[in-house]
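The chain below stands alone, shown as structure tokens; this is the form predicted alone.
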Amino acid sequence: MNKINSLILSSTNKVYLHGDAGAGKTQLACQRLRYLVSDPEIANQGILVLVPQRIQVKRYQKVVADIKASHNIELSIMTMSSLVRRTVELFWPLISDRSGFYRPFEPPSFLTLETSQYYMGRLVDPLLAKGYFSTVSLSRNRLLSQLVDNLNKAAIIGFPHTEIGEHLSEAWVGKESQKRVYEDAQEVINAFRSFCLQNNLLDFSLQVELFKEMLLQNPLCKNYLTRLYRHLIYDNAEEDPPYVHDFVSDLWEYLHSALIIQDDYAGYHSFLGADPKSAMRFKNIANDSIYLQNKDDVSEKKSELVNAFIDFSKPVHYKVKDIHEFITPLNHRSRFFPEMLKEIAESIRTKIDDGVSPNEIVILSPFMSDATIFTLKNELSRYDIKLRAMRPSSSLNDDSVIQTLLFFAVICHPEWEIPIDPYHISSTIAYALSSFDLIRSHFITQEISPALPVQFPSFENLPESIQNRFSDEQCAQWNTTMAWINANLSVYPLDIFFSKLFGELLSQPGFAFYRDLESGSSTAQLINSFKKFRHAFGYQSDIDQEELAKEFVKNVQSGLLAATFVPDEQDDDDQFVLITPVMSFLGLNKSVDYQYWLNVGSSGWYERLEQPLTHPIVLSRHWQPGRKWTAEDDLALSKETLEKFIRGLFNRCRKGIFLGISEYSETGQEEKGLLLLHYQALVRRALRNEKND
């Protein structure tokens, strides 16, 4: 370890550090950063800490915050996407007149995933009416997201966006009609790129192309970047696409020191272009290569267990009770899914009663439905245990807090004339006003005129027979709500409206958001999303702001994705149990004491999502042009994905994994996926081993 520390704590060495997750690689990177920042001479030379996801930035920021440095520190901690945007924005005047933009002397507007899908939708909707994509059974939002994803893949992998349809068609082995879908996709992608060039819009793919093909080829920009950064720490390189590795390779000869960190058996975000094979190039050009692993008895036993779990041919040298010391089903196999959720809640209560901190427990599944989260929240609330859900790629409109905010926005902007389903009116009133229930909310809904715009009656205007059904408290709360609505009709910009609605009404005693910290986070997310949406229209000086606000609300209600939103402050709150999809948890790069796996029999643990308009493997650098994608390729990918997930989850669990198994899944199906079969095979081999003894 002393040798490793001497290599890590060096301002002149270039090191490639790899190993299993949880072996302490990021901890060593933090030590190196502390060493670099503490030295006045080094800190002034320029330090870049590169991470694949924003959520990983905070750990390195804490390191710097703990150092009381009196000297100047030239430090950047960011993702490659942030670096690309900053560089394009800074050097825009240098390339704008040579990039094909129609208005090169005007500033560009940077698009988020949300706003990219919005503009893509404006182009797609007329084509859908003409019969484009008629054989594709996807929701509009998923269709848009896959079209945008194709553009991004072309940019980060490094081939012209005009060849996307050709790449997909060459690999297809099914019906010829699917190739027409790829032609439709190519036509829309070409139209979208032309639209962006006409209106100075920079989506992610265009930012990356400008950065790679123009800025890095420009001596002035390249000299700026190579002088700006002399020391590099690059964590989780395997989760980045190859264009990031290309950039680091270009910087390599100019760096005084570098530390590249890679998790073995990872690359969980391959569906977004992550390329572990590309990241391994640094092993060959670094001065030193270090393999880091845990060597304690527990880790060695866990390593043997995970190898046997993954590979049916591996012998089992222990008994069933030894397996159950680390991975075990709950006390009994439930018949139905809700019963299993109740048992999980009871098990979590027992753990917390035994002294386990709630933030050392995580509930995982390939996908998280609203019903599952709602049920677990209710079950855990019986024991005063709080549950925090994290679904970064879910729709904004899936959140009940955001649905409530949008509801009041529609009511306070009658000129929008956006219809609201009567049931939604009743359920939102019952949710937002704590003293109300669905029955009394329904009485009010019945008195609303079906004509647009939606207008609520005042309490005094309700029939006396209905008034008699309300208590004085409910009457006062309704009058308070109506008074606030009448005082805020079409007065403020939408982001300010949301802020006032939260602060002046919904977070007050008697309303839904009172003392609810998660509602504040959701409100901030919605406001942030609208600001980015509005910023994308910056090039249109004459745009009507009210029309823009209406467009935003309509698109969120239709299911516009929340992009990859991560709160700026992602605290590990000791008071919350986390529930999140497996992929999201693996991206957090953190370990916990206990994991609970849901839907163990589901094929979602390993099967590729239905993506009729794109393909993450075909659109990669490692796919041979012209080769066909077959069923054998699908099977191999499923096995590789399952192995990655199992190893990743085992390495991020310190004490134990509990399997939530029910005879029938959440949808009422009997599921016997590979993960469940692997566990059952492991137990059978252990039983045979016991008999042989």
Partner chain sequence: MKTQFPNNFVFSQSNMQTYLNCRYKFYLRYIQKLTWPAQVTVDDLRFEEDRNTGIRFHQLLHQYFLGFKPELLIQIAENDPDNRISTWFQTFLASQYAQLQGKIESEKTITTCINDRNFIVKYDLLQFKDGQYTIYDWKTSNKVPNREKLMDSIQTRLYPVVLSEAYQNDQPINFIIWEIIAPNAPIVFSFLKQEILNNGRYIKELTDEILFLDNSDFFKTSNTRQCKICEYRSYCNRGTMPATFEELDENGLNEIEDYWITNGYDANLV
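Positions refer to the first chain, counted from 1. Model, not experiment: these values are computed from the prediction. Throughout, rigid core stands for the largest set of C-alpha atoms superposing within 1.5 Å between the two forms.
Omitted here: the form predicted in complex with the partner chain. The next part is about that form.
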So, in the model of the complex, is Glu551 in contact with the partner chain at a 4.5 angstroms heavy atom limit? no
So in the model of the complex, does any heavy atom of His615 sit within 4.5 Å of the partner chain? no
Using a 4.5 Å heavy atom cut-off, state whether Ser70 contacts the partner chain in the model of the complex. yes
Contact flag, Leu517 vs the partner chain in the model of the complex, heavy atom cut 4.5 Å: yes
Name the single residue among Ser205, Thr523, Ser145, Asn236 that comes within 4.5 Å of the partner chain in the model of the complex, judging by heavy atoms. Thr523
Give me the residue from Glu343, Asp495, Glu170, Glu114 that has a heavy atom within 4.5 Å of the partner chain in the model of the complex. Asp495
Out of the stretches listed (604-612, 218-226, 350-358, 114-122), which one is close to the partner chain in the model of the complex, meaning heavy atoms within 4.5 Å? 218-226
Using the arrangement in the model of the complex, list in sequence order the residues of 46-81 with any heavy atom within 4.5 angstroms of the partner chain. Arg54, Val57, Lys62, Ala65, Asp66, Lys68, Ala69, Ser70, His71, Asn72, Ile73, Glu74, Ile77, Met78, Thr79
Return yes or no for Leu506: a CA shift of at least 2 Å between this form and the one not shown, with the rigid core superposed? yes
Taking the rigid core as the superposition reference, indicate whether the CA of Gln146 shifts 2 angstroms or more between this form and the one not shown. no
Does Glu518 show a Cα shift reaching 2 Å between this form and the one not shown after rigid-core superposition? yes
Shift in CA distance, Ser591 and Leu517, in the model of the complex relative to the form shown here, given it is 3 Å or more: farther
